[in-house]
Structure formats: structure tokens, C-alpha cells
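One chain follows as C-alpha cells, the form predicted alone.
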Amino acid sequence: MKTQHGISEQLLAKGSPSLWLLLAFLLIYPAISNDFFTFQIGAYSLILGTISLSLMMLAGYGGMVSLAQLTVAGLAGYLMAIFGENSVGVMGFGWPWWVTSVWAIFLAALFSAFIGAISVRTEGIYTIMITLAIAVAFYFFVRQNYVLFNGWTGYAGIEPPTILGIYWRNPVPFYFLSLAVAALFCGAVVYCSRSTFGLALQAIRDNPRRMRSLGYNVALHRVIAYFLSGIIAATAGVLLVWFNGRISPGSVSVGVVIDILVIAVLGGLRHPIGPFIGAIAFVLLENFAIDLIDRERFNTVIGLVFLLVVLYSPDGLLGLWGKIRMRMMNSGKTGPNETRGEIGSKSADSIETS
């Protein structure tokens, strides 16, 4: 446990210089960047990182790799258009934004718990296949259903609220809203991992049979984990639909579903801060690598980067940084250690001689 989470514990520990430097940079980021980098890079990375954080919670602490996290976020986005307001003339009940948001997050989290109830009795590749099947089924359902989801067109004109004269889709306010949500859930996941429930979930991940013999309800713990991760993904889904201003089947397609897994693994699937690092790398590649190559080859670039990171560091970019840091620390201690070793060997020889 110490080796898996040591880096994130150091970064997120109270009073850690790394934590304060990171927070200071995130707070002043809008002041040193333009609207494009604030909105399209910063806010979008935080949203994708939050969705990937929900996957990290399931996979890192529960050992359950779900490919339906973006599906949960997409359902929350659709519910925002259905219960709130949109510009396509389909559905749009016109509920207040705060009622719509709470209702959308709650129903999407229940949907996540339903996914968990189906998949928790399986493990490994079977869990991946079941959640992928649910994601694919949801994609084709919203694509073909015009009564409720408006088919291929989807919904447009989904606007965030204006509070105290602040329009929350403006780059700087939306960035800080995304940052607040990301920080809240990142702290909640760290707290959950140290709680009784989190420790039991990690023990179930390591040895479910033994935990079952000790009287723990393994299936219930896993379903609750799906529900909690659903709250994270659904909240990010509300931000995502406000970010795009629309929701359509393309937002929950199979390719985008896989991107969430790539982001989580790329950053580090065992660290709460890892998904955000992976999201930044992914968004930067998506925005700038496409200028060098066409769109058709972009997935090839992402795939190559993914393979290189996994081959050299199975724990993602955060694990790679941990290896580099350890090598730097060990290289700095090489001289004194070697000296002590030589002195120790000489004294041992002298004792044997005497």
C-alpha cells in the first residue's frame, strides 16, 4: 500500500510544499494564460480528470475496471437537457438549474449503482466486457431514441446559470468552478481511501474470499463504490454538458469511452492525482498534435504514447516521475553509502584478522 500510494500521499499531504506549489499554480493559472488555455485546456482537463477519477476510485481501490464511467456522465448531461432547458424544442421541462443538477446527478449515480449490481459478481476481463457492453448499448439507444433523447441530433442550447451577475460559462469562472469540483472530489477520494469503508474496499480488492469469510458483504461494498463513483462522474458530466453547450450520441460513443480508460492509465490508475495528469497530457495532445497530423492518425499517436508509458511505467506518468525521483535521490546518496560500505568491510576484515 505504501508503494502504490506513496507519491500521491506526499503530494496531497497537509503542509506538503508540493501541494502548496500545485495549489498556487492552479489558482494563478488563469492570470498567466489566455482564454483558450484557461477554458479549452485547463477547464476541459479538470473535467476529464474528474471523470477519470471516478474510474480510478473503482479500479485503484476496488479492483473494478469500469468502461461505463463516461456513460454515467453522459446520462447526467442528457438529464440536464431533459429536465432543464434546451434550444431544440424536444423535452426541456424548464426546471431550475440547481434542482436539475441535483436530480441529474442522483439519477445518474443510481444508474451507476445499477451497473455495479450487474457487474460486481464478475472480475477482471468479464467486468470490463460487461461495462463496455452497457456503454455500447447506451450509445445505440440514445442514437435511435427520438422521443426522449432526440436521436442522433441530441440536445443543444444547454446553458450554465448566471449567479450574482456571473455567467459561469465564461472562461475564468468556469475554470474555477471545474477546479473547485475537481479539488472537492480528489480530497473526498483520498479521505474515503483512509476511512473504514475505503480500507474494507481495498481489502476486498486484495482478497474478497477472506473478507467474505470475515462477514463483510462484498457485493454491497462494491455496489456502494459504484454509486459513489457515479456521483463523481455525474457531477463532471454536468460540467461537461455546460462546457460543450450540447449533448449528443457522439459524446458517449465507444471511442470517447475508451479515452477515459486511456487517461486514467496514462496518468496513474493507483493515485488520485494521476487521472488529472493523464487528462492534461491527453488534452494537450488532442489540441496540438492534431496540428502536425490529421485527425485520422491522432488515435495512432495516442496509442503509441499509451504503449510507451505502460511499457516503461505500468503506474503511468506519475509512477514514471516517482522512478526518476528515486533515481535522483539514490544517485545523491551513492557516495556516502559506498564510503560506509568500504569502512564496514575493512572493519570486518580487521576483526576476522584479529
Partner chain sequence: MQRFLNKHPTWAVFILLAAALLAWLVFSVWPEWLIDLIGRKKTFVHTLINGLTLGGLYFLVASGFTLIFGLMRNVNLAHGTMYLLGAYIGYEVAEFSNNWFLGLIAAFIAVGLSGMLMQLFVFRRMEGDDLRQTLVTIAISIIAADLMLAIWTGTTYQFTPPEWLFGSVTLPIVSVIKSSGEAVYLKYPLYRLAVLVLSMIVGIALWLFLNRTRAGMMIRAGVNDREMLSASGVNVQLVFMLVFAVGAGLAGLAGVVGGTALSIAPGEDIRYLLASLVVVIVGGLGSITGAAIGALIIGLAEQFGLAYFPTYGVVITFLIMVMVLAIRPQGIMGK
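Numbering follows the first chain given and starts at 1. Remember, predicted model here, so these are calculated numbers, not experimental data.
Another form exists, predicted together with the partner chain; not displayed. Remarks below refer to it.
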Practice problem: Assess the spot marked by Y126, V254 and G303: is the partner chain within 4.5 Å of a heavy atom from every one of these residues in the model of the complex? | Solution: yes
Quiz prompt | Proximity of Y191 to the partner chain in the model of the complex, heavy atoms at 4.5 Å | solution = no
Practice problem: Spell out, yes or no, whether the shortest heavy atom distance between S213 and the partner chain in the model of the complex is within 4.5 Å. | Solution: no
Practice problem: Tell me, yes or no, whether V147 is in contact with the partner chain in the model of the complex, where a contact means a heavy atom of each within 4.5 Å. | Solution: yes
Quiz item: Is there a heavy atom of A137 lying 4.5 Å or less from a heavy atom of the partner chain in the model of the complex?
Solution: yes
Practice problem: Choose from 78 to 86, 239 to 247, 260 to 268, 195 to 203 the stretch whose residues reach within 4.5 Å of the partner chain in the model of the complex, heavy atoms counted. | Solution: 260 to 268
Quiz item: Which residue among L27, I32, L311, I324 has a heavy atom within 4.5 angstroms of the partner chain in the model of the complex?
Solution: L311
Quiz item: Quick one: of L228, L132, I105, I280, which gets a non-hydrogen atom within 4.5 angstroms of the partner chain in the model of the complex?
Solution: L132
Quiz item: Taking heavy atoms and a 4.5 Å limit, what residues of 23 to 61 are near the partner chain in the model of the complex?
Solution: none
